[in-house]
Ligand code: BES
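Single chain ahead, written as structure tokens, the form predicted on its own.
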Amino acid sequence: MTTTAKPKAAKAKKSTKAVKSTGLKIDVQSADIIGIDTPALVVNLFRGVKKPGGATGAVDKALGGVITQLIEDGEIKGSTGETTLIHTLGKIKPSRVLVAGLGTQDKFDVQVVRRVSAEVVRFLRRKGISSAATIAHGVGIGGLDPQLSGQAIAEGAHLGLYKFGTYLTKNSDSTNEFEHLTVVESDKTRAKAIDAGIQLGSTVAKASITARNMVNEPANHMTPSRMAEAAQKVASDQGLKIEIMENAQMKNMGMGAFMGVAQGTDEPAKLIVLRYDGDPESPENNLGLIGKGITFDTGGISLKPPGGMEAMKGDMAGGASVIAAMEIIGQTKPKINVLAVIAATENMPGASAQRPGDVVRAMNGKTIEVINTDAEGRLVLADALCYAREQGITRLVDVATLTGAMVTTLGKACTGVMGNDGQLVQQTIDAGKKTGEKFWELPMFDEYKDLIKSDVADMKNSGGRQAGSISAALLLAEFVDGAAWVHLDIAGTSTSDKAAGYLVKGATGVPVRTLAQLATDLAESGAPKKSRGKTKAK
């Protein structure tokens, strides 16, 4: 039986410079947009509109038709990502009007609102403008639900403004930080719904920023112990139960696959377990979120090439996203029991590191031949999945930056999905449609199992170049013991190479919002009618 424990304090010195990512204030005012006193007023326009209507039309009229004139001149087209700044010269209270393009109306959705909101606040920040007012995009002619619009505005603004500047000792060249956004809505009923959406959107975005911060931290600071500290803070803030298991405990539990990876580093490994009991009267109504937490991946004895290895500080993005999702779940309180399990360690080529050809035994007794020590994520996840099943979890979602093959297959546009349960796979994809995070299912045909057959063990940890992402998932499938299971390979989507919409360069926080949305959706649909496999209640 494990006991609740506080993680050991990290030896690394913490920076004193704060990350400026959550200081934005967003509120709602029931006011006349023409009369609001603000440095900038944000309105919008669909592509193809020749004469603006609604709030944009009211501003256009007050400015003597300048927006219409700019449309006629071809300067304003309404294209997605287009921003046109107009100085009002005292004609109306707002000092400037920013016309944001929404693209074509037939492609307008809540994702457009997220993207436009992010691009607008970044544009204003570059101009040195620290506050602005905006209409609620899509609530009028766009036909969008006011609460969804408010949530998307908040998510887009918070995530779009994010910067990781913890270790910068010099001030940025930019002037002001963008600090205050007011959503203007004259209808009080709509304003109330927008405000509810803003509150939820801010909660969700700030949790995604928790994950971004963790992934962006260098590996000498974000060690397994520090990862455990981050989880401890989330547990404390949200009233969650937490257990931190140490190497000796995990060895006693038979986690040979996890410990095989951990044996090459001096940093103590951690199995981080967070529990949210949202439906204690129905233990079968549960969800397990399993995260890969490799805080630095050298490849072990199968050493990676040096070019780009610094990016391997982000190999714990799956674990970070699970911790951050629990931050949201602790605040939104869905009626479902959620268990989060994060297997955190470094993968280093120390004197005691496991070797190619070694055989390890996982918690469920199955053996794995280690062909490639750089295929370590599936080893730590194998034991984490076994642990979740032992705790009685019947629906599992694991998240991992698992394979470079996934980046080759799907690039950075969407996350690869594999699983053994069509319903849970679809529920995950549907949750992603609500959050704007894209997923694509890959096949799990039996023919691929031949790739991980071993002559000396039950399976081998690498099937080579063929279908690398699928063969890795098929190994994980051997450790779910009949549970409904989905595997998310975020190797491509956990980071972004550039700023685009609400994504910025660096960590993305994918799929934090989708995991939390899935928990909410499953809570609303109720407990599964029957278990797919045996459980062992604790």
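All residue numbers are counted from 1 along the displayed sequence. Remember, it's a predicted structure, so these values are computed and weren't measured experimentally.
The same protein has a further form, the form predicted in complex with the named molecule, not shown here; the description that follows concerns it.
Relative to the named molecule in the predicted complex, residues A375, R378 and G404 are all within 4.5 Å by at least one heavy atom. Using a 4.5 angstroms limit between non-hydrogen atoms, Q427 is distant from the named molecule in the predicted complex.
Heavy atoms of D297 reach within 4.5 Å of the named molecule in the predicted complex, making it an interface residue.
Shown alone here, A193 lies farther than 4.5 Å from the named molecule in the predicted complex, counting heavy atoms only. Contact between L474 and the named molecule in the predicted complex is not found at the 4.5 Å heavy atom cutoff. Per the 4.5 Å heavy atom criterion, the named molecule in the predicted complex is contacted by stretch 304-312, the sole one of 88-96, 147-155, 304-312, 356-364.
Screening A491, A507, L41, V480 for any heavy atom within 4.5 Å of the named molecule in the predicted complex leaves a single hit, A491.
This chain is drawn without the named molecule; in the predicted complex, the residue among Q111, S462, T83, T182 with a heavy atom within 4.5 Å of it is S462.
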